[in-house]
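This document starts with one chain, in the form predicted alone, laid out as structure tokens.
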Amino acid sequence: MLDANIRSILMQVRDEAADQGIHATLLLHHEKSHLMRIGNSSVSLNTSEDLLRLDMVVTDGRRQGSQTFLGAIADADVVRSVLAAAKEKARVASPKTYDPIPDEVDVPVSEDSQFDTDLAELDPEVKESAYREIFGKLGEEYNYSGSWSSGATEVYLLTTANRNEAYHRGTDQLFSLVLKHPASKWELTHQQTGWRAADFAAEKTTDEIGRLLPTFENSGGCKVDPGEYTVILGAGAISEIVGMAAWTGLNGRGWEEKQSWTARMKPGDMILGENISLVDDPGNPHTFMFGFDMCGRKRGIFPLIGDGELLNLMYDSGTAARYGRKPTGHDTGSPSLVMDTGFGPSDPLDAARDMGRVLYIPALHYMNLPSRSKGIFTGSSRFNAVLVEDGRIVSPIFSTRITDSFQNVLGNVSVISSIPESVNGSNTYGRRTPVAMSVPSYMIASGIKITDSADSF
């Protein structure tokens, strides 16, 4: 729980600032993180950190100033010095062209439903032992790499607008493993995520990779010619495509500046297939649930796309103020995007049984945007991709590149899995900000454009 002395100090300085008529936001971020990296089948990095950050923003009319302090908060003078620095920066700042919307904690919030002590205190030896077990079961003849990040995050938010407090505490982890054949150079990968230590099991990884090993060992692989294909997209690929589509098409700033692929559309227009629905739902347990944003707004279910129809755009506070809109609770690094599941069978091979020749691409890598305004993205298959014929895996495929539009891929989906899957999208660099999407475990789309394929693994 939040240190009682630190809480008292922050509340004291908040009240002092309010009595002086200062408009300030105080955001405390505390993380205890551990990261283990694997390289050449051994531990290459084993590091921990315990960091406390205080971010302060002062608003003076149209001027704003911010200051970040990293270190121990021993007394109120430390916090007062941060406030003074932010106040001075606001005094000398260039005025904005709009009136900032004051930060305010809407309602008191205290949440820790996704906090697990076992994960917060996970011993690095447990990680090393799990990797060693996986190496032994899959085979010491392969080369292994990967990483395992885990930790706990506390966020505490106050503003001088009122006396409400917003507090969040949670744990998260992201495990990854890459198996590489030393001679043939093909690679297999598996990830695990969750907010409990018990969400991880070495057997999940050995079972998943073990199912694919015979196919890769017994086949030389094949090159996919450029053209249009029916493709099974796994949860990883779906999260990459949908996440990028949302960021570049459903963000208020991009829409207002006419840079997004939805810029020529408006709420009520059909933008994707009728079987595609997407919401931001911070109460969904397949995401890392975060009930308020960093401006203090209470977050709830926010519909974005319903049955292919554009419903809403996401507006952060600055964009809303600039364009005269209402903020939607999206001043956050932890959105909770949730794509609706469908009615497809749990096994994607069963779904593809009568579809003939199909590509199965579990995840996309090296994603980029050749044209943001047209919604054209590109990404490579790299890991675990296989050729499927009549519902049976027949061969691995060489790294294969998709270059297509969000509207084409998400507008021609014939089957959507009935099983939701959590996909972790957290960044292991910078401050700990856990984020995950809930997407169907797979979907099948037709007419997907394959633009390039490697000549080997």
Partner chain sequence: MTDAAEVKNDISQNISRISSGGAGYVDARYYMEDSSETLVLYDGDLEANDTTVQSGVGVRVLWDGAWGFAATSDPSGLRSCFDKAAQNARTASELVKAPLFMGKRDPVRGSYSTPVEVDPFTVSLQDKLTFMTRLDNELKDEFILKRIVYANFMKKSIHFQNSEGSEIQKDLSHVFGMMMAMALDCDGEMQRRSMNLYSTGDGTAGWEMMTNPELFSGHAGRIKSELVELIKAPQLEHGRRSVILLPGQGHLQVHETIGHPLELDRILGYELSYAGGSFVDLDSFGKLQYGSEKLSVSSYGGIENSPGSFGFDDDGTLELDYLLIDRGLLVNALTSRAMVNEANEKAGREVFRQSGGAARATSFYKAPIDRMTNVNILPGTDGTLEDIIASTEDGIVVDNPVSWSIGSNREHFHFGCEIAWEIKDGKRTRILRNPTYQGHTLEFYRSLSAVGDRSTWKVEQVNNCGKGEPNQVMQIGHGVPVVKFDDVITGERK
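Positions refer to the first chain, counted from 1. Just so it is clear, the model here is predicted, and its values are computed rather than measured.
Missing here is the form predicted together with the partner chain; even so, the following discussion is about that form.
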query	finding
Listed range touching the partner chain, judged in the predicted complex by heavy atoms within 4.5 Å, from 84 to 92, 337 to 345, 286 to 294, 350 to 358	84 to 92
R253, K298, K137, R169 - the one with a heavy atom within 4.5 Å of the partner chain in the predicted complex	R253
Heavy atom within 4.5 Å of the partner chain in the predicted complex - the one residue of S219, S373, S277, N164 that qualifies	S373
Complete contact of H29, R325 and S414 with the partner chain in the predicted complex (any heavy atom, 4.5 Å)	no
is_contact(S239, the partner chain) in the predicted complex, heavy atom dist at most 4.5 Å	no
Exercise: L35 in contact with the partner chain in the predicted complex, heavy atom 4.5 Å	yes
Close approach of G39 to the partner chain in the predicted complex, 4.5 Å, heavy atom	yes
E49: touches the partner chain in the predicted complex, heavy atom cutoff 4.5 angstroms	yes
Residues of 389 to 417 having any heavy atom within 4.5 Å of the partner chain in the predicted complex, listed in sequence order	S399, R401, T403
